[in-house]
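In structure tokens, the next block holds one chain alone, the form predicted on its own.
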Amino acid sequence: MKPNKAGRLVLEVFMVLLSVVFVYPLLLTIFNSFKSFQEVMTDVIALPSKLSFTNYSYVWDFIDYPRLFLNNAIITVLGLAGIVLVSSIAAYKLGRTKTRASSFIYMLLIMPMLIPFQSIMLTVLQLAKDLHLSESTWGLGILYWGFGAPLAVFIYHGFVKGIPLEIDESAKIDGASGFRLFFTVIFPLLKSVTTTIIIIDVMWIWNDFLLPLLMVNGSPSTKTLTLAAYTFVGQYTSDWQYAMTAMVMAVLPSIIVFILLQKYIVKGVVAGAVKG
């Protein structure tokens, strides 16, 4: 066996083992979602004795799954719309403006990626209350604009710099300028990188726990699916079989989106990196 083929084989085996390590907790959660409380407490690693969907029907009714699914959808769609709109326009303008001020503003916009959320969460909570954004699914969706924009601006900016300036000039000659130029000429060229940003942010917003816990945990009507899973975990006793069932039901939609669109993630990120 040639050295390069042997090295590739070793790398593939290592990647398979590494993927098993990451997938195992998810499989463990799925297996235990079909167990009774006694089975979970007896042996959490063993397979369920029988395939029963009793836990799923109970959790569906107990947490009012359709209502919480709608809450998640509103928050995610609103958050994505704001992140994509604001970040793409800002990145385009900064990418086309070659001044020290634009470079400074760009660095200022992406710096929040380096700040841990835990260090500013109390300030954000107080600001949300002052702006009447707390205890509201719409308010939570708007808050994600600020938290998601830095990474989106960073990715968009690298891609925009690779778009020839002659395209802008040709559009201006044809009478397009300002927002019309951006939405009719530039934004369609950002399709691949926009898809990448959408997938990344769907996985993040849909499965986020800490920000919804701070902002919409006070009312049952505004809870999210991940918060509903947390309701089965108590201080003195926990219904682990229901908690794991609720978690599977919560993350399943985002997993489906990821599986269907995963090919665009590497494509969009690599395109932005090369063009930048």
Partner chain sequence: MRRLGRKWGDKFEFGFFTLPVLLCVAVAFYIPFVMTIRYSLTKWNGISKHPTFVGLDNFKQIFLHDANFAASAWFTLKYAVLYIILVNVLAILLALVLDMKLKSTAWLRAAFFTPYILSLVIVGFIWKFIFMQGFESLGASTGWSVFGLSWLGEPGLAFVSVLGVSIWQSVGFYMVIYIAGLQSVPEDLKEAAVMDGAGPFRRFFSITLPLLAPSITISVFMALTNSIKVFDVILSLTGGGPGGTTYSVAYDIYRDTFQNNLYGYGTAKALILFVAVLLITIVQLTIFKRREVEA
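The term rigid core refers to the maximal set of C-alpha atoms that superpose within 1.5 Å between the two forms. Owing to the predicted nature of the structure, the values given are computational and were not obtained by experimental measurement. Positions refer to the first chain, counted from 1.
The same protein also exists as the form predicted together with the partner chain; that form is not shown, yet it is the one meant from here on.
S.K.: Give a yes or no on whether each residue among Ala73, Ala81 and Thr196 has a heavy atom within 4.5 Å of the partner chain in the predicted complex.
M.R.: Heavy-atom distance to the partner chain in the predicted complex: none of the three under 4.5 Å.
S.K.: Can you pick the one in Gly178, Pro188, Pro164, Gly175 that has a heavy atom within 4.5 Å of the partner chain in the predicted complex?
M.R.: So the residue touching the partner chain in the predicted complex, by this definition, is Gly178.
S.K.: Within 4.5 Å, heavy atoms only, one stretch in 121-129, 155-163, 188-196, 73-81 touches the partner chain in the predicted complex. Which?
M.R.: That would be stretch 121-129.
S.K.: Would you check, heavy atoms only and a 4.5 Å threshold, whether Leu143 touches the partner chain in the predicted complex?
M.R.: Judged by the heavy-atom cut-off of 4.5 Å, Leu143 is in contact with the partner chain in the predicted complex.
S.K.: Please tell me whether any heavy atom belonging to Leu51 falls inside 4.5 Å of a heavy atom of the partner chain, as the geometry stands in the predicted complex.
M.R.: Leu51: no contact with the partner chain in the predicted complex.
S.K.: I'd like to check something about Thr226: if you look in the predicted complex, is any of its heavy atoms closer than or equal to 4.5 Å to a heavy atom of the partner chain?
M.R.: Yes, contact at 4.5 Å.
S.K.: Residue-level question: is Leu47 within 4.5 Å of the partner chain in the predicted complex, judged on heavy atoms?
M.R.: No - in the predicted complex, heavy atoms of Leu47 and the partner chain never come within 4.5 Å of each other.
S.K.: Are there residues in 28-45 with a heavy atom within 4.5 Å of the partner chain in the predicted complex, and which are they, in order?
M.R.: Leu28, Thr29, Asn32, Val40, Met41, Asp43, Val44, Ile45 sit within 4.5 Å of the partner.
S.K.: Once the core is superposed between the shown form and the other one, does Ser221 show a C-alpha displacement of at least 2 Å?
M.R.: Stays below the 2 Å threshold, so no.
S.K.: Would Phe31 count as moving between the shown form and the other one, using a Cα shift of 2 angstroms or more after superposing the core as the test?
M.R.: Shift at Phe31: 2 Å or more after core fit.
S.K.: Quick check: Leu68 between the shown form and the other one - does its CA shift reach 2 Å or more after fitting the rigid core?
M.R.: Comparing the forms between the shown form and the other one, which are aligned on their rigid core, Leu68 does not shift its C-alpha by 2 Å or more.
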